[in-house]
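Before any questions on how it binds or moves, here is one chain, the form predicted alone, in structure tokens.
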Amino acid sequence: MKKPLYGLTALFDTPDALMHAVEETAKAGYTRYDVHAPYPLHGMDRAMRLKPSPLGYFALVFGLLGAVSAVGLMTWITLVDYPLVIGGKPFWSWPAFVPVAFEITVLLASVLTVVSMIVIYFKFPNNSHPLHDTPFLKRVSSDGFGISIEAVDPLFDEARVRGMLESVGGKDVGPVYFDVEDLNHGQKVFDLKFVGLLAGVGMVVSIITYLGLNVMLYMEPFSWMMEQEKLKPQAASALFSDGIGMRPPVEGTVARGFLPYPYKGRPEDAGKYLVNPLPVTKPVLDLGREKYMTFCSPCHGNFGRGDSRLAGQFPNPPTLHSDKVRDWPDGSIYHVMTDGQNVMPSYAAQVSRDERWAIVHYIRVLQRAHHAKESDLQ
């Protein structure tokens, strides 16, 4: 049985000879041909007059799908399913979405584009090609340069193509035929053998992953980091009579680099003895405003009026413009931020000492603006 003709191939000794042959082939009007070389040749795509690859459209669609899906999911979570005020930011804070959206965009655009190329253009799982295992492909994979013109080209005539390739210096011009079995294979993604192979590979990978993460990592030497001679927080201990591992600090000791707050539980003394050490300068006020908007405004409001931005999720605090707060010394306001008051917790862990004093200055600015004197308006 005569095999169907795939096309004609020709070999060339140098990249320049191949480039000349390609230019003549394109000039003759052939469009269904390919170039083979052991390494990329600069300018070859221009000589072949190649059109832009349609894979770019696949990448665009999959990239947009990734970006829209990521932003849409995060939008639904932050606005509908689980809205939270984090650090005074709005519910829909797009800068926080950028890293995740970028990663999903790149992931889908790259992976799904490659999958589309393999399945649609390479007809996976059929991985055969008429040029495979031919002397021509062995030469162009090592030290040769070649061109192949397919028989499906509208201008293809075997004698004419052979003469054209020989006229441009082609050597070993010869035909390549289809294998009938490969030609009739077609696209069989859902072939029972292929699906079974995928299922088997998936099962083997799952078993190896499970054994690696749940068995091997708990064996020596991988378990050495986990089984150290140390006491973990909140773990029981036989060393102490009460069986509790976590111990309170030794009375009278101070952690290195830490100065204890001397007026804990003594708001009157704090207001009497504490003095704001920071000068009233623009950088200090800018710092105070930044920290106030982050940590204070969610409850106290942007202008300290007690109009919480939490939309009723938490009891509103009193206004900072009352006569009581306005008459407080700076130390009293600092004490509330440091020690807490009523339902307001201490912010000493979130805001440093200088930042708390800067917030005090900014609160004074808000109070002065809310109760401006006539001289302030001149």
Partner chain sequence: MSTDTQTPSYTSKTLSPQVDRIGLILLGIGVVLVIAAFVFEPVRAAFDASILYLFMVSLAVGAIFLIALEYITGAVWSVPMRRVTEFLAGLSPFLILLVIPLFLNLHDVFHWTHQEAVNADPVLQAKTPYLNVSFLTVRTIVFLGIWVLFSMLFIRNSTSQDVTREASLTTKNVRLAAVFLPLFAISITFTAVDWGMSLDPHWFSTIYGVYYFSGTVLAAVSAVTLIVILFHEGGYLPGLRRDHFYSLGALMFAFVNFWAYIAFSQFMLIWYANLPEETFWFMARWENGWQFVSVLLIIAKFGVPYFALLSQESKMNTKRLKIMAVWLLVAHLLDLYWLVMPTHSTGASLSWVELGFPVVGVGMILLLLSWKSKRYNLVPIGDPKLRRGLDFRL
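Numbering follows the first chain given and starts at 1. Every value quoted in this text rests on a predicted model; they were computed, and no experiment measured them.
Keep in mind the form predicted in complex with its partner chain is missing from the figure; the text below concerns it.
When contacts are defined as a non-hydrogen atom within 4.5 Å, none of Pro279, Pro283 and Lys291 contacts its partner chain in the predicted bound form.
In the predicted bound form, Arg266 stays away from its partner chain, with no heavy atom inside 4.5 Å. Using a 4.5 angstroms limit between non-hydrogen atoms, Gly43 touches its partner chain in the predicted bound form. Among residues of the shown chain, His129 is not one whose heavy atoms approach its partner chain to within 4.5 Å in the predicted bound form.
Heavy atoms of Trp94 reach within 4.5 Å of its partner chain in the predicted bound form, making it an interface residue. Checking Pro99, Gly72, Gly196, Pro233 against its partner chain in the predicted bound form, a heavy atom within 4.5 Å turns up for just one residue: Pro99. Among the residues Arg305, Lys89, Lys171, Lys123, the one placing a heavy atom within 4.5 Å of its partner chain in the predicted bound form is Lys89. Stretch-level contact check against its partner chain in the predicted bound form with heavy atoms at 4.5 Å: of 317 to 325, 43 to 51, 335 to 343, 25 to 33, the positive one is 43 to 51.
Residues of 9 to 34 that come within 4.5 Å of its partner chain in the predicted bound form, judged by any heavy atom, reduce to Asp16 alone.
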